[in-house]
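A single chain comes next, written as structure tokens; it is the form predicted alone.
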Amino acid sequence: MKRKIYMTAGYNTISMGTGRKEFNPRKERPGLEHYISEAGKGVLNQIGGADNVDESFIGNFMAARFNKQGHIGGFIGMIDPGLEFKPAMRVEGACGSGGLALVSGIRSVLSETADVVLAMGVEVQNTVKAIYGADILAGAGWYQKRKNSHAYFFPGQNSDRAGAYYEKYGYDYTRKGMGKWFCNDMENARLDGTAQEFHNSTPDLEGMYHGMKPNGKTFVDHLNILDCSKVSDGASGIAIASEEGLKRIGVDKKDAVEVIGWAQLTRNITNDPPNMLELTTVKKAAAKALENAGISIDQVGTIEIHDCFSIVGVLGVEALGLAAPGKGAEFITEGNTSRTGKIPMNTTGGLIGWGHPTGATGVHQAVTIWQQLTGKAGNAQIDITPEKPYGMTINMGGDDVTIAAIVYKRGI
């Protein structure tokens, strides 16, 4: 890259929804304006205010249907008067919208149209019942297939992936790996005060998971509800800056992460996945990001991966090259992805534990990596060793359709 790119000053709102003690579906809750304002101000307070920002991007998937609100870029000026009459844009790529906001900011800094970009993501989804929300979220796939698909569209698609994995590699073997993934996410979420499952106090997570068998009569054939990410309200923000931008905002490089490689790929949404047992676009994007960074996956110390469903965690481990096809479940069961394992993943809970406000997820992932690599993760902090100093985020929109993969290291 012709310019060095940094991220700093990350901020997450609470991921609000079932699991949080404050959540009450019968009471009025904050809307888009609240979450955008809180996350935006949270970043601005760390970078010397709005006057230091040149441009803004905000990822959002479906506010037009969840909240009957479009034109989300127009809300950036609401955060602070200093952001009004500056470039601001909403970007969309389903659940990968946050990752696209990050990539858009990176491109702006590289093109020298900006030295400091405010990148954000937001979604408020607890506005409709789950079955109606499933229909809205089906817009992340090819909607023409909706009438011939499961009522719970994306759980149904990932249930099919899980079923294919069971058939080839074994039901009990696979469920053991998926259950371990769920337990890791819950345990990690309990360490982050903004996580949706922060208040989770279930003593026997494994027993709860395996005691809830998949049942197609009540949900989908091959997943239970614990295999699924949360319906969440929330927002995240982070600043993307050049070296000159860091100087402007008064942030030392050691308090930032440098982006050393990235890739953004998209497959044809009208086609079925080329292989039900592989996240093909994730595999290609991750490999390209690592190649651009000039490192191997074995040098990465922690990864935030888009685990919208536990089976995606299993397939994601394989797509990253950490395990051979069919060995992903075993890799997880052996503890390799736990916070004390070979390569800790989703250290604040991932989508299943921290929550999944769809448009914000990619930005939340970047915030977590920034926290971990700079030692700002609080109770969720893991050890980052000199031998494995890099972090990585994989944000996915749709069923392996739109992928943003980014590799980071701590600024020096």
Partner chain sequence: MNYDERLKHVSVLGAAGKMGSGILLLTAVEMADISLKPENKGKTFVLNAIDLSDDGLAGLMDYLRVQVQKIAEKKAVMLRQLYADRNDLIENFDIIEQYVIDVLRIVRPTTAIETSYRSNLIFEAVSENKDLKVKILKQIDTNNPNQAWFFTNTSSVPIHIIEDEAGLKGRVLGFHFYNPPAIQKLVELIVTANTLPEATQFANSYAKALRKVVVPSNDFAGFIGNGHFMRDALHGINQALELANTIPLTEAIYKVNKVSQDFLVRPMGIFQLIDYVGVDVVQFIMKVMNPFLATEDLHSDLLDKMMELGVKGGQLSSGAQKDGFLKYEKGSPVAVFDSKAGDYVAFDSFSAKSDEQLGALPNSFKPWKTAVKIAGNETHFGPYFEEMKTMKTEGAILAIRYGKRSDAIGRQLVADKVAHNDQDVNTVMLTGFFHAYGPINSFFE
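Since the structure is predicted, the reported quantities are computational estimates derived from the model, not experimental observations. Positions refer to the first chain, counted from 1.
A second form of this protein, the form predicted in complex with the partner chain, is not displayed here; the remarks below concern that form.
Novice: Determine whether any heavy atom of residue 143 comes within 4.5 Å of a heavy atom of the partner chain in the model of the complex, and answer yes or no.
Specialist: Residue 143: yes, in contact with the partner chain in the model of the complex.
Novice: Using 4.5 Å between non-hydrogen atoms, is residue 296 touching the partner chain in the model of the complex?
Specialist: Contact with the partner chain, no.
Novice: Test of understanding: in the model of the complex, would residue 135 fall inside 4.5 Å of the partner chain by heavy atoms?
Specialist: Heavy-atom contact with the partner chain at 4.5 Å: present for residue 135.
Novice: Though only this chain appears here, would residue 340 touch the partner chain in the model of the complex if you measure heavy atom gaps against 4.5 Å?
Specialist: Flag for residue 340 set to no.
Novice: Picking from 83 to 91, 145 to 153, 158 to 166, 102 to 110, which part of the chain touches the partner chain in the model of the complex when contact means heavy atoms within 4.5 Å?
Specialist: Among the listed stretches, the partner-contacting one is 145 to 153.
Novice: In the model of the complex, which of the listed residues (129, 254, 213, 71) lies with a heavy atom within 4.5 Å of the partner chain?
Specialist: The residue in contact is 129.
Novice: Consider the chain as shown here, without its partner, and state which of 331, 209, 219, 198 has a heavy atom within 4.5 Å of the partner chain in the model of the complex.
Specialist: None of the others qualify; the residue that does is 219.
Novice: Judged by heavy atom distances of 4.5 Å or less, which residues of 66 to 105 approach the partner chain in the model of the complex?
Specialist: Stretch hits: zero.
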